[in-house]
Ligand SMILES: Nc1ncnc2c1ncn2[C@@H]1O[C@H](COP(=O)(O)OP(=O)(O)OP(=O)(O)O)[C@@H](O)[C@H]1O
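So this first bit is one chain, no partners, the form predicted alone, shown in structure tokens.
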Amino acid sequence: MNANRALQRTLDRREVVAVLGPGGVGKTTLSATLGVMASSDQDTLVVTIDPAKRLATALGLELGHEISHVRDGLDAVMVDTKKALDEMVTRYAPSPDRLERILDSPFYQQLSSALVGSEEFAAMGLLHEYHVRHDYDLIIVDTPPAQHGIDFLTVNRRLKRVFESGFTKIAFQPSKIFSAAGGRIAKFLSRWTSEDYLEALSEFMIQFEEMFYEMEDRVDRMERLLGDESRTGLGLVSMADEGSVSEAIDLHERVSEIGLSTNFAIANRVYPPLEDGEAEGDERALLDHYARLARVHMDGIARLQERSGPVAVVPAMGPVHGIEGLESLMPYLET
């Protein structure tokens, strides 16, 4: 099967497609392009986890944390980690009173601030909501660059290990902690902090306990979704220079190490070979320079193809913005 057909089959037959790649290779632009392609016959959502605003630029829109309508069949959203955490707590809180007490807790404020850099954690929670509560045929996820993309794919299994360790089930049952050994643990802790502080901490943990079990169930569902290759597909994007290809190959191997596989690969911003023509002086030097770059790119594509299978090739173009710009890339990806 050629690369473009493999790409199209992935878009047609999966519920989620995660796009991986090194930083700076045009991954976000191509994720948006895939969204435009799929939206012709599927209700599609493109989600970007990268905190930069490249998806908004690619689509020619002002994107935020709320889902934006791009055109018929296509929506887009940019993850805001802090808002995502607040929404998760709002969704799982058992009552408005409990919600208010959690959000006002200094412990929650410290927790949410500490997790602001964990885009993959917040994004996975949002992906669950988009998948379960919205009627999209396909969700395309523009993952953070390189290793952070792997972190996104494995965040559920890492959380499952924490849940299954049993520690969290004890940690979120504060009555067991503070009453253990006849209350001696609480008395010991009170030597180092105030009783008011311990009381506030205990109350926060009690408020959070019910939500904890809801989160555990969500993590389990998302791990099954991402681990099912009939439902979730993976795409790999790279440029064709030596450094980008090496990073992409390393990323491909890491995907294999976690028990998954890529369904398609795209080499972006490629300088294709030109027919040799007559030229002199500066023009000759320019053509020779281009020819050297083209040879490097062809070698890079061959290296990537050897590891990943067939590679779709998108030639180097000027800046691409808006739907029309994305549509200009589609012929290089379509069957």
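Just so it is clear, the model here is predicted, and its values are computed rather than measured. Heads up: residue numbers just count along the shown sequence, starting at 1.
Although not depicted, the form predicted in complex with the ligand is the subject of the following passage.
**Message:** Since the partner isn't included here, can you check whether the ligand sits close to all of Arg14, Met222 and Gly227 in the predicted complex (heavy atom within 4.5 Å for each)?
**Reply:** Not a single residue of the candidate spot has a heavy atom within 4.5 Å of the ligand in the predicted complex.
**Message:** Partner absent here, but in the predicted complex, which of 297-305, 59-67, 282-290, 25-33 has residues with a heavy atom within 4.5 Å of the ligand?
**Reply:** Single hit among the candidates: 25-33.
**Item:** Contact flag, Asn268 vs the ligand in the predicted complex, heavy atom cut 4.5 Å
**Value:** Contact check for Asn268: yes, within 4.5 Å of the ligand in the predicted complex.
**Asked** According to a 4.5 angstroms non-hydrogen atom cut-off, is Gly73 in contact with the ligand in the predicted complex?
**Response** Answer no; every heavy atom of Gly73 is more than 4.5 Å from the ligand in the predicted complex.
**Request:** Look up in the predicted complex whether Val320 has a non-hydrogen atom within 4.5 angstroms of the ligand, and give yes or no.
**Result:** Yes, contact at 4.5 Å.
**Prompt:** Any chance Ala312 has a heavy atom within 4.5 Å of the ligand in the predicted complex?
**Reply:** Close contact is absent here: in the predicted complex, Ala312 is far from the ligand, nothing within 4.5 Å, heavy atoms only.
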